[in-house]
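Taken one at a time, structure 1 and structure 2 that follow are two forms of one protein chain, written as structure tokens.
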Structure 1
Amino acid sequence: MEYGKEEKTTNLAFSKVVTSRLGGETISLCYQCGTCASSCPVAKITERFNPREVIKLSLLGEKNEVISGDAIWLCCSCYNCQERCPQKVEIADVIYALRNIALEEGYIPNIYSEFASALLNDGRIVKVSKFVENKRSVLGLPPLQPTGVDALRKILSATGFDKLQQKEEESE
């Protein structure tokens, strides 16, 4: 009985965490009909990702399984599931919220660390190099200016993003 109570609290705790996130608000509306899974191009070709399963595990409080696994990173954000969900669960946005939680707990695919570093250095995810600048001028395209990285760093710091990034670099 005691055990059951404790379980219930934990479960509720994780779905509350997801619900409190921007984008995660609608997760608890899910009634597990599976429209998302049958609309998902990725689920069609691999068992490694199934949106219904990700939502179910999250609602059941299986936090570790959700945030440490690779499933949440395999969503292609095509928004088919979200468009068709009869309960208006914003599934793709819920998955973004789960990814944010995963990152805060130290789980992140390398490519996203690379995006984040490029952003901190150049303000864009593709490095702004002399080579490409020259290529643009040969092609007759107007030059691009640097992104005002100093300004960006100030906002990054305000959102707490730079701290997240430092944590990532330390853990590598």
Structure 2
Amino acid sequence: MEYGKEEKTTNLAFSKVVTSRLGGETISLCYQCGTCASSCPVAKITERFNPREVIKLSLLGEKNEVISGDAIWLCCSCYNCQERCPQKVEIADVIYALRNIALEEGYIPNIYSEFASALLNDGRIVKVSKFVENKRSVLGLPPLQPTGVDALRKILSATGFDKLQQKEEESE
């Protein structure tokens, strides 16, 4: 086998996977002009995210770097990049496709595991303190009702969301 041929096949395979996904169809239209990065509010405040870099790495087939890193999770989906792209690359949608690939491969940001755990245990993402409960009555708000955790667990189990909690427990 010719040197580098296997790597090129892998690279091509990943870009085809992204292109075949809902939201990823336009990734190959990108010619790296940088317009997306210039209008990205996240890229302006952190070097950890640059939509142009994410697309470049995806097109080059750097699957592991793209899906195992945190860059794809930093996109705020403001659509500035998408609205300004001269090639009509649907960048925010491409990011969603990459996130879905990452989730399927088992790369889940810790925050989602924490959300799953809190929802399955308490029925809420954030625990409500006694102080906040008392403030509700002072503000004229009704008391919080107990959550139907059993019904919620059934729903989360049917969607596979309960597996996120299992992943968090395994990593501890």
Partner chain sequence: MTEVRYLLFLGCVIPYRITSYEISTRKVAEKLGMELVEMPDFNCCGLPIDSVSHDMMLALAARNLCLAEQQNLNIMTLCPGCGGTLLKVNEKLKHDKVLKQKVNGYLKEIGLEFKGTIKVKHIVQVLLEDVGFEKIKETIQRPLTSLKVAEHEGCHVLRPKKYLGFDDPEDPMVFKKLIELTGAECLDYEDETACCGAPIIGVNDMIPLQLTREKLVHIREVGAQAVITVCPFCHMMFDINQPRIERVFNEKFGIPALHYTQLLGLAMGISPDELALDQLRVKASKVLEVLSLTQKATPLQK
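These numbers come from a predicted model, not from an experiment. For numbering, take structure 1's sequence and count from 1. If you superpose the two forms and keep the largest set of C-alpha atoms that fall within 1.5 Å, you have the rigid core.
**Chain form predicted together with its partner chain: structure number out of two** = Comparing the pair, one sees that structure 1 is the form predicted together with its partner chain and the remaining one is not.
**Glu133: Cα shift of 2 Å or greater between structure 1 and structure 2 (core-aligned)** = Indeed, Glu133 is displaced by 2 Å or more.
**Item:** After fitting the core, Asn110 CA displacement of 2 Å or more between structure 1 and structure 2
**Value:** Yes, because once the rigid core is superposed, the C-alpha of Asn110 moves 2 Å or more between structure 1 and structure 2.
**Asked** Against the rigid core, is the Cα displacement of Ser20 between structure 1 and structure 2 at least 2 Å?
**Response** No, the C-alpha moves less than 2 Å.
**Asked** Hey, core superposed, how many Å does Lys154 shift at the CA between structure 1 and structure 2?
**Response** Here Lys154 registers a C-alpha shift of 10.9 Å.
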